[in-house]
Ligand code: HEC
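Given as structure tokens, the chain that follows is alone and in the form predicted alone.
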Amino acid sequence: MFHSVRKGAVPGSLKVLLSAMACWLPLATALAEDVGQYVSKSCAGCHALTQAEIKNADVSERARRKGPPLYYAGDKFKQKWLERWLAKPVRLRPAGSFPPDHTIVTDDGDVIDRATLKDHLALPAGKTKLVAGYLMGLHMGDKPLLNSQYKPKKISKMLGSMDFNKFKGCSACHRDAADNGGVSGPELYTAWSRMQPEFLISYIKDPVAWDVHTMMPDKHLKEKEIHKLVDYLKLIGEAAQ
């Protein structure tokens, strides 16, 4: 049986809902502010949380970095990966954020001085989701080149590896396997699990648009060539999971 509701009256269930919302909104706002303060206190010492911190600094800023910028974390990462990583961090940059500070030159080549590297702190269990959610809300104000739509294509591991290592020369700085490649950039054999494909395409296409002091070179690759690289990262990334 349906009961009519007189004009202007608010059903009891709706009153309860509105009352709950009235209580929750200030709590949600306070919670967001608390998370923001926690991130500023815990992360700002090593990571740039705003684009201005890098854009308004001279190039010497790059040598002082202790961690990568986070002001475009929401454009870059996949949230589930970020939550897992914050709970149990693993080193993604074999030679740290600024490799010259952690490298010893020897007759047999450069060797990473692991004693100078510091491990990232693991966040308490109750903080990982909150912090990851906050970081995923950080975006570039003028997002560059995020209009590329990624449509994965099949690629053989042999051809992808040849393209990555020989034709594009990515292995000079990056690893596509734990035992293959350079150490001055982050490893890329797990890149697919942590980064959004559209970001990968955009960053490879114009790294300076994201980070004015990046060490990543612009190799002036065509869109098709970039997509081929991302197809390879997808292939090896899924194999690593």
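As the structure is a computational prediction, the values presented were derived from the model and not from experiment. The numbering used is simple: start at 1 and walk along the sequence shown.
Not pictured, yet referred to below: the form predicted in complex with the named molecule.
*Asks:* Can you pick the one in 111, 162, 155, 92 that has a heavy atom within 4.5 Å of the named molecule in the predicted complex?
*Replies:* None of the other options qualify; the answer is 92.
*Asks:* Would residue 66 count as a contact of the named molecule in the predicted complex, using a 4.5 angstroms cut-off between non-hydrogen atoms?
*Replies:* Yes, residue 66 is a contact residue.
*Asks:* Quick one: is residue 194 in contact with the named molecule in the predicted complex, heavy atoms, 4.5 Å cut-off?
*Replies:* Although the named molecule is absent here, residue 194 would touch it in the predicted complex, with heavy atoms inside 4.5 Å.
*Asks:* Can you work out whether residue 38 and the named molecule are in contact in the predicted complex, taking contact to mean some heavy atom pair no more than 4.5 Å apart?
*Replies:* Residue 38: yes, in contact with the named molecule in the predicted complex.
*Asks:* Is residue 42 a contact residue for the named molecule in the predicted complex, using a 4.5 Å heavy atom cut-off?
*Replies:* Yes, contact at 4.5 Å.
*Asks:* Has each of 76, 203 and 216 got a heavy atom lying within 4.5 angstroms of the named molecule in the predicted complex?
*Replies:* Every listed residue reaches the named molecule in the predicted complex, so yes.
*Asks:* Can you name the residues of 116-139 that have a non-hydrogen atom within 4.5 angstroms of the named molecule in the predicted complex?
*Replies:* Stretch hits, in order: 120, 121, 123, 131, 135.
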